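Next up: a single chain in C-alpha cells, the form predicted alone.
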Amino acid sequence: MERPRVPREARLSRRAVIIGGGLGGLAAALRLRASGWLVRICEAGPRMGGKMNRWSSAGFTFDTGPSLITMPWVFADLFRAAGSRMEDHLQLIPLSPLSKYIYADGTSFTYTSSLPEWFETLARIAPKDAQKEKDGFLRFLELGARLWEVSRRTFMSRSPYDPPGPGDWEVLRHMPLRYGWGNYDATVRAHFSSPYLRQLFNRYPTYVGSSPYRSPATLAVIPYLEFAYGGWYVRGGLYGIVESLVALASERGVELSTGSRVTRIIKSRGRAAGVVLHTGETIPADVVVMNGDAATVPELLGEPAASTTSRSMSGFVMLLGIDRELPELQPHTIFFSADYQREFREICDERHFPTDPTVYVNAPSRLDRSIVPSGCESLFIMANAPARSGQCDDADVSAARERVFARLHKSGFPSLANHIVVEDVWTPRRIEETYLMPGGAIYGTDSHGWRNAFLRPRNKSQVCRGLYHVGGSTHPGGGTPTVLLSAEITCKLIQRHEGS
C-alpha cells in the first residue's frame, strides 16, 4: 500500500503545542511560526484571548481584562516579528490626562504627563511644600529611569537565571544603591511628604497585584514608565489586539483550537512529548509551552499540586452599561479609600474584601462612542480583592457591591440605581473557574519581597525538558507588555535549547 504523502514542511519542521490562547500564547505562537515551527494553540475557553477578552450585550461592548496598554513599542515589535505592522491593524489613542484621583476628603486632581501642568497641580495640593514635592517627584522619576535602564537591558530581555553577559557590569552602574534595594512604601515616603502623593504613588504595585507595603522599591519603574511613555487605548477596545493576533496567526498557518482544555502534559523519558485534551485527543509535540498559571503545571504532569501561598491579588469587577451619558467623568478615575493601610491589611492579612475599597472606574466610552448605543456609557468598575478559592457566594457579591457603591457615592459619583441597562459581575471565584487560576489570582504569585518579584517561575522548566512557560505568572511578570516580553524570552530559549 502506498504511504500517504507528508508535506515537506511537516517533515522538516518541529512541532510546538501551546496550552492557552492568551496574549502570551498568541505571541509565542507567532514568534515560533516565524522561526519555522509548526504550532498549535489549545485554548480551553470558547475564544482566544485569556484574560484579555470581551463581553457584549444590548449594544454595549466591554473589555473584561486590561483597560489600557503601556510600552506600545513592545506590541509593534511583535507585529514586526510576525511580518506585519501594528499600524495596519490597530489605532492607538494616547491618554491625556493619565488619570483623575479623588480622595476620601474630597480633594481631587488629574495626573498628567505634562510637567508644567503637573507642577501647577503640586502647587495647588501642597502649597506649603510645593517646591519640596516638585524636587521629590523629579528624584522619584530619576530613580525610576535608572531602574528602567537596568531592567530593560537585563531583567526584561532575558531569563534572570542566565549567566551575566559581557555588558552587564557596565549596566549595573545605573542601579541606584540608596533606594533601589528597599521597601516600596518607604521609598515613596522618602520622596513625598504629601499624603495625597504618597497614596497616589503607592497605588502602582497594585498594577502587578501586590501591596505597596510589602513590595520592593524597584517597582518604582512602573510609575516612571507610565509618566515617561504614557498610556494608550485601542480604538474599538483592547480585545482588538487579540483579534489582530489571531488573524495573523491564522494567516501564518498556526492551528487555533478553542474549547480544547488540556488535562495532561505527556512526559516521556523526562521530556514533554505532547498533551492530552479533555476529549481524549493526544497531540504529540517536540516542545510544550504553558500559557497558563505556572502553579497548575504539576497537576498536568501528574504530580502533587503546587503550593498556592503568596498569590497576587484578585479583583471584584462590575461591567455596567448605563442609559445616560456622564460627560464629567474622565476615562480613568481612581476613588481612594480613607485608610489605605487598613485596606491592604484587610486584603493581604485578614483575607477579606475591604470594608472601604479603593475603586477604579474606567469609562472607555468617553474616548470611543463606537462601543455603546447613542446616549449611553460603558463602565468597568474594579476593586482589589484577596485571591481565595471558594469565596463569593451571593451574599459576598451583594456585600462587595454595596461597599463599592458606598465608596463611589461618598466621593460624589452620581447614582446609577435607575440607569443600569446591562451588568456582568466578575468575582475571584469566577476568575479562577474561567481562567484556571488558583484563587483567581490575576498575576500568579505576588511581588512581595525580592524572591517573588524577581525569581518568578522560570521560562524554561527545571523539572521537564522541552517544557516552557509564558504569561503573567512567569518571568518577567504581569502586565500586557511584560507578557509579550515573556514570549520573546521564551522563544529565544526554545531556539537556543531545541533548535529548529
Ligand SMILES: Cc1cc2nc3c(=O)[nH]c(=O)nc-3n(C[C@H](O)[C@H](O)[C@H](O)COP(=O)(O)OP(=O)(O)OC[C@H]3O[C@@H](n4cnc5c(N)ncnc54)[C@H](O)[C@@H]3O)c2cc1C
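This one's a predicted model, so the numbers in the text were calculated from it and none came from an experiment. Note that residue numbering begins at 1 and tracks the sequence as displayed.
Note that the form predicted in complex with this ligand isn't included here; everything after this is about it.
Problem set entry | Contact test in the predicted complex: C42 vs this ligand, heavy atoms, 4.5 Å | Yes, C42 sits close enough to this ligand in the predicted complex that at least one of its heavy atoms falls within 4.5 Å.
Exercise. Do G466 and this ligand come within 4.5 Å of each other in the predicted complex, heavy atoms counted?
Worked result: Looking in the predicted complex, residue contacts with this ligand do not include G466, since no heavy atom lies within 4.5 Å.
Exercise. Is Y443 a contact residue for this ligand in the predicted complex, using a 4.5 Å heavy atom cut-off?
Worked result: Yes, Y443 lies within 4.5 Å of this ligand in the predicted complex.
Exercise. Does any heavy atom of G292 come within 4.5 Å of a heavy atom of this ligand in the predicted complex?
Worked result: Looking in the predicted complex, residue contacts with this ligand include G292, since a heavy atom lies within 4.5 Å.
For this session: Establish, in the predicted complex, whether M52, G65 and R261 all lie within 4.5 Å of this ligand, using non-hydrogen atoms for the distance.
Result: Every residue of the spot touches this ligand in the predicted complex.
For this session: Could you spot which one of L300, L95, L147, M71 gets a heavy atom to within 4.5 Å of this ligand in the predicted complex?
Result: Filtering the options by heavy-atom distance leaves L300.
For this session: Would you kindly say which of T434, N452, T61, S35 lies with a heavy atom within 4.5 Å of this ligand in the predicted complex?
Result: It is T434.
Exercise. Who in 322-359 is close to this ligand in the predicted complex, meaning a heavy atom within 4.5 Å?
Worked result: If the 4.5 Å heavy-atom criterion is applied to this ligand in the predicted complex, 322-359 yields nothing.
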